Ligand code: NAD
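Here we start with a single chain on its own, the form predicted on its own, put down as structure tokens.
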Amino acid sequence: MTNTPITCRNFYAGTWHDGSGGVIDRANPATGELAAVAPRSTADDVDAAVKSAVEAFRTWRKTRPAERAKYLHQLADECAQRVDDMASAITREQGKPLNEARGEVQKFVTALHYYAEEATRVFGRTIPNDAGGFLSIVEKEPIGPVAGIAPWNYPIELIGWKLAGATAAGCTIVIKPSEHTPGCAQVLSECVAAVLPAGVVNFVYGDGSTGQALVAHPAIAKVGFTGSVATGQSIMRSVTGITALSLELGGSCPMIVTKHADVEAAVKGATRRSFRNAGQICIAINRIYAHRDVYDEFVNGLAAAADALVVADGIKDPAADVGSMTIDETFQRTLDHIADARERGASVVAGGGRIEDLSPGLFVRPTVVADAPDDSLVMREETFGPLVGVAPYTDLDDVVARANGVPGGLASYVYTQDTRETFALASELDFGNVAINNVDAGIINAPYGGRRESGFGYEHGPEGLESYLHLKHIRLHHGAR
């Protein structure tokens, strides 16, 4: 590991290239020191990368599934040798503690191994015909060159979902990392260069205009995007009407703690999922509804747990619980949501503002707001910071309506030890993921996706590969009776 700023270069056709639109400097959000320098790629740079993917697709699509699996296992092994390099880059660009960043890279390696195996489990089917002497064969084929647009909150893991699923399916891909986290992608491109054939995986760096040029490119067959609702809406306007699209857009995720909950377990789960990665997770708990009978016990426990979290520069203290936030926008939004809750009569029972001792870093103390009214910002918008609002409830049907009544449908959480409540809430919560008595709403071998404003399409599981395939019906007249 090194503190030297990482110089990033576009990677396509198996080698690195300078961009033609200037550079983007990325500072460490914990210290303000320069962490990476990346190209601000133009439409011409994007076109060159896409052409590389188009050329490579001609041969990659015809590789045997077992061969693609072998390549992905090799890439996983190569990345496993660079865990510390990627993790250090993540921490210096994104802010999460180093041990947490290592865990992210290790999950990326796991995803590569998983999709390597899934590559060999893509099956078609045969369909009988009404007429004799005919047979229908349904084959699954790779959709074509793919654009992968990755966010900054999990800059390697979320690249991995797209890279692994697409290449396992036989697609090639052009990845546009976030302009806030280019350095870790540069390390990943070095792993790709050591293992994969030229053009199968390509990288172009830049800002929103670079991403727009990529998703609008006529040779791109599918766009896979993870990010904000506003950017997702912009992408929908940018793609052509014949480009496939999957969007994972986050949203405001609720947690319900019923009167039958194990309150201690609920406190532990809420602390983890509200404040991990400084709350900068698409499935972070934003708002909690606790039954009046257990409300005080839960709020007191959560406040104490939040106050006990260690917040620090993630390089200096690799085992810290919470690092710095990543960008000024969400840092200021978190402070605004805290101020709004106070103005509306809520009580700040833990945290409550910026950690001045760690300035100029973007550090906010993990904050719990109790008695938060439903119209407060923290209870109706995605903060994307280390802040959670808590409110009481008494009626189960009412709390379901409140949980479902806020835009977004990615993940929801329930703590209850009552069987009837378990199945009632699992059925009635209108979210793509419902975690009960745990806060890990996504696992690599089960589909992960949202509803309503949280987007459409799936990653993880076989579905994360199937989304890069399309079907071909072959109707054969063989004449046999």
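Heads up: residue numbers just count along the shown sequence, starting at 1. Everything numeric in this text was worked out from a predicted model, so none of it was measured.
One more form of this protein should be noted, the form predicted in complex with ligand NAD, which is absent from this view; the next part is about it.
J.: Flag P386 as yes or no: does it have a non-hydrogen atom within 4.5 angstroms of any non-hydrogen atom of ligand NAD in the predicted bound form?
T.: Contact with ligand NAD, no.
J.: Is there a heavy atom of P142 lying 4.5 Å or less from a heavy atom of ligand NAD in the predicted bound form?
T.: Because no heavy atom of P142 falls inside 4.5 Å of ligand NAD in the predicted bound form, the answer is no.
J.: Give a yes or no for F275: in the predicted bound form, does one of its heavy atoms lie within 4.5 Å of a heavy atom belonging to ligand NAD?
T.: Flag for F275 set to no.
J.: Answer yes if any heavy atom of P151 is within 4.5 Å of a heavy atom of ligand NAD in the predicted bound form; otherwise answer no.
T.: The answer is yes: P151 has a heavy atom within 4.5 Å of ligand NAD.
J.: Whether Q74, G103 and A164 jointly form a contact site for ligand NAD in the predicted bound form is the question; each needs a heavy atom within 4.5 Å.
T.: The answer is no; none of Q74, G103 and A164 reaches ligand NAD.
J.: Of these, 288 to 296, 243 to 251, 313 to 321, 195 to 203, which stretch puts a heavy atom within 4.5 angstroms of ligand NAD in the predicted bound form?
T.: Stretch 243 to 251 is the one.
J.: From the list S234, N404, T110, N300, which entry has a heavy atom within 4.5 Å of ligand NAD in the predicted bound form?
T.: Going through each option in turn, the one that passes is S234.
J.: Among V369, M379, L158, C171, which has at least one heavy atom within 4.5 Å of ligand NAD in the predicted bound form?
T.: Looking at V369, M379, L158, C171 one by one, just L158 meets the 4.5 Å heavy-atom criterion.
J.: Pick out the residues of 169 to 185 whose heavy atoms come within 4.5 Å of ligand NAD in the predicted bound form.
T.: Counting only heavy atoms within 4.5 Å of ligand NAD in the predicted bound form, the contacting residues of 169 to 185 are K176, P177, S178, E179.
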